[in-house]
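Read the single chain below, which is given as structure tokens and is the form predicted on its own.
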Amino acid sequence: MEQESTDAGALLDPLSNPFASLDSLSPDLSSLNDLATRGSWRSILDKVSRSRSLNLLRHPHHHLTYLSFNVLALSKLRRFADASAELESLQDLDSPEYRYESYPKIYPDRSGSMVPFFLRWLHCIVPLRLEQRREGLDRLYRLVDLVREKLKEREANSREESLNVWKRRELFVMNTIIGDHLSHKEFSVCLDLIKDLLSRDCSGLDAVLLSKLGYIQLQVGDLEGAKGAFSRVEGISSEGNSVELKNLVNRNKALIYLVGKDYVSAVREYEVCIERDHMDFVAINNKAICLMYLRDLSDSIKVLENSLERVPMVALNETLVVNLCSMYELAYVNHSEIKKTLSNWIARVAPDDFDSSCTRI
């Protein structure tokens, strides 16, 4: 939720940084952050409403920070029209009223925008959810332009820490754009965007981005191109001991096996991932799918059920539950009762934004 102040040196120095902790940035912000981590989105809405009604938000940046959490919570609860109304209340995010220098008595020696970057991102995302795709994409591409302007400024001033932050932001926004184009099967656009990113210093040889390149190449039937991208990911992985990277390599190998319908080999790759990290949801879900393709419904169901029992907060998402319910429908005559039991358990443990309709009861 970091604001875009140009006083980056102070922000990085805990002795001179006026916002050295979450609660010093905005009142009780650590509590909001904790609620978000736990998926307690309705509690966030209550807390924001209460803080506003009690006039606890004394400075302009307090209001923007709390509004950011409010828009995020509304979006998570799929109340996109309400989220849009909150965003529209701000009008122009680049207005002088959202700059530190407009309030010299409150923010002496500070300049730049106080709009949290994540709020700018939400400003792009909400129209997409309201099926206003052109507006959402226009805002995302304008946000990329803004990020790249900031990158040029940081490069010119040799501010490495700030530069790294903005590089990560560029990658984050571009991944959002690529994800939208991918969801609309605009594969050539995705490939051009990824190749452009990989050619920039901002991402270098980013393993996740390279993997995404390989996935899209598989979608368009370029098996050799995908193998080449995945090979580069393996090269990056060999330089360190990151469990995430090693699992990414094994999941990429499994995808190649899946394309060749070698489900047994794919299962082995996913098992290696799960052995390293028993919370690797993607490996767990895909292993179960492979077992289903091998007509081993009993074991595929056990894989998903065991993951829900062992790490419910990680494994509990709509994709896994949809797959599990599909397997119940294939395996059991009394699948309605089994799904009802699952739905009741989900109601007790799921975060506020979980879509319970995925059980298809």
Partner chain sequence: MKLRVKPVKRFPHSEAISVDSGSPLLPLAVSHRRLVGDGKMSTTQASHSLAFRVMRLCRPTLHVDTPLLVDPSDLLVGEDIFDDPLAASQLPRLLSGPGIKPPEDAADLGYRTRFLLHDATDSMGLSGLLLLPQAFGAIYLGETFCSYISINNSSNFEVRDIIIKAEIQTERQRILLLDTSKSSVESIRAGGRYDFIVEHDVKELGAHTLVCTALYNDGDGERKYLPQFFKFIVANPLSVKTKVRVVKDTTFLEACIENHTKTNLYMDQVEFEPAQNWSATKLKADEHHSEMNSAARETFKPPVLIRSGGGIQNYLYQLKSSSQGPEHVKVEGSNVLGKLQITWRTNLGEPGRLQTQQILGAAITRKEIDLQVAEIPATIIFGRSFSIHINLTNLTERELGPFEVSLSPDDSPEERAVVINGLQKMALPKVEAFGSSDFHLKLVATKLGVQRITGISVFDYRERKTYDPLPDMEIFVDLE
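Only a predicted model underlies this, so the values are computations on that prediction, with no experimental measurement involved. Numbering follows the first chain given and starts at 1.
Below, we turn to the form predicted together with its partner chain, even though it does not appear here.
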**Request:** Considering only heavy atoms, tell me if V48 and its partner chain come within 4.5 Å of each other in the model of the complex.
**Result:** no
**Request:** Although its partner chain is absent from this view, report whether S307 comes within 4.5 Å of it in the model of the complex, heavy atoms only.
**Result:** no
**Request:** Considering only heavy atoms, tell me if G136 and its partner chain come within 4.5 Å of each other in the model of the complex.
**Result:** no
**Request:** Answer with yes or no whether N334 is in contact with its partner chain in the model of the complex, where contact means some heavy atom within 4.5 Å.
**Result:** yes
**Prompt:** Of these, I274, L198, I236, L90, which has a heavy atom no more than 4.5 Å from its partner chain in the model of the complex?
**Reply:** L198
**Message:** Exactly one residue in V249, L151, V144, L72 has a non-hydrogen atom within 4.5 Å of its partner chain in the model of the complex; which is it?
**Reply:** L72
**Sequence-ordered residues of 27 to 49 touching its partner chain in the model of the complex, heavy atom within 4.5 Å** = L29, N33, A36, T37, R38, W41
